[in-house]
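Coming up is one lone chain in structure tokens, specifically the form predicted alone.
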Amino acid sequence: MIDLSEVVRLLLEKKKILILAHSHPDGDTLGSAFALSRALRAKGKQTDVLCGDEITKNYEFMSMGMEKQSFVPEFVVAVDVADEKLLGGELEKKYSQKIDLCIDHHGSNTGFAAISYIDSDSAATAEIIFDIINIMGIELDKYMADCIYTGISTDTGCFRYSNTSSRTHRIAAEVIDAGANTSAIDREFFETKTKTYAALEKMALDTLKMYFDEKCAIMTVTREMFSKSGSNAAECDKIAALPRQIEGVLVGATIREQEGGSVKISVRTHPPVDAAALCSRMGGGGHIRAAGCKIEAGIEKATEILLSNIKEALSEYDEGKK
């Protein structure tokens, strides 16, 4: 794997750079992509950011802060993308095996890019982008500061998750000094619920079931719930954290029904259960405390598969206590 100075060299020697975010975008992939795009434009580059899914209203301050540029890219960069399948349908088809550089913090990264820089010790890819901008010698403006703070704050649960490090706080302090509007960002992502999301959350909580001496909690989100609440998959991220918040729960999971009959599963864990290892058994991956997978089965069958794998993970934990 190359070091950051080599990443910077590669970026600075190119003129037209396309930056890809993953589908179902979160604060880290978008914050990283737009902050890097802004920094490269400060160096005289042509850049653009593409995402396979619509950028939701709470992230619009990033996309609206950067005018689109039209060009034929000579260098394609993926940020916070652990697997090119996560780019989503059209982007994956267009750029599969054409990505020159991946910058990521997922230990489960599949190495799909020609060149990869992976730092799994970083709480968010935005921390890596912060370092890249510093190495480039670019002074952070308020826009870049807001983007980086959004990436870090959302991926650390507003600095509550175990991936938060002293480095995370030091970077946050620097972007605050650069003008990041932390109170507005944190209010938007951690204190504000749309009416449609609130209706969806209520229905999802009604599906909550406990398993394995209440060490496991599972909730289900169906397409019917989306229809009744007026909500959608883009609002579903916050629901994934709810099962793990219950006292005594080591594994919390949310099963979300997809078009076509498959499901997406989001897993959140407390020590010592490894969410990434658990999801890798089902063809997915992620981080030690937050991971996910897709299962080509309906809710009932997917629940059986999920419970079987959780049982195995909890059995390993129980064996370790003996």
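Given the structure is predicted, the values throughout are model-derived calculations rather than measurements. Residue numbers here begin at 1 and follow the sequence given.
What comes next is about the form predicted in complex with another copy of the chain, which does not appear here.
Listed residues 134, 162, 108, 222 were compared with another copy of the chain in the predicted bound form; 162 is the one with a heavy atom within 4.5 Å. A single residue from the set 90, 139, 121, 191 has any heavy atom within 4.5 angstroms of another copy of the chain in the predicted bound form; that residue is 191. Taking non-hydrogen atoms only, residue 261 never approaches another copy of the chain to within 4.5 angstroms in the predicted bound form. At a distance threshold of 4.5 angstroms between non-hydrogen atoms, residue 97 is out of contact with another copy of the chain in the predicted bound form. Looking at residue 115, you'd find every heavy atom of it more than 4.5 angstroms from another copy of the chain in the predicted bound form. In the predicted bound form, another copy of the chain sits beyond 4.5 Å of every heavy atom of residue 228. Taken together, the three residues 166, 169 and 247 all lie with some non-hydrogen atom within 4.5 angstroms of another copy of the chain in the predicted bound form. Segments offered: 97-105, 69-77, 179-187, 139-147. Contacting another copy of the chain in the predicted bound form at heavy atom distances within 4.5 Å is 179-187.
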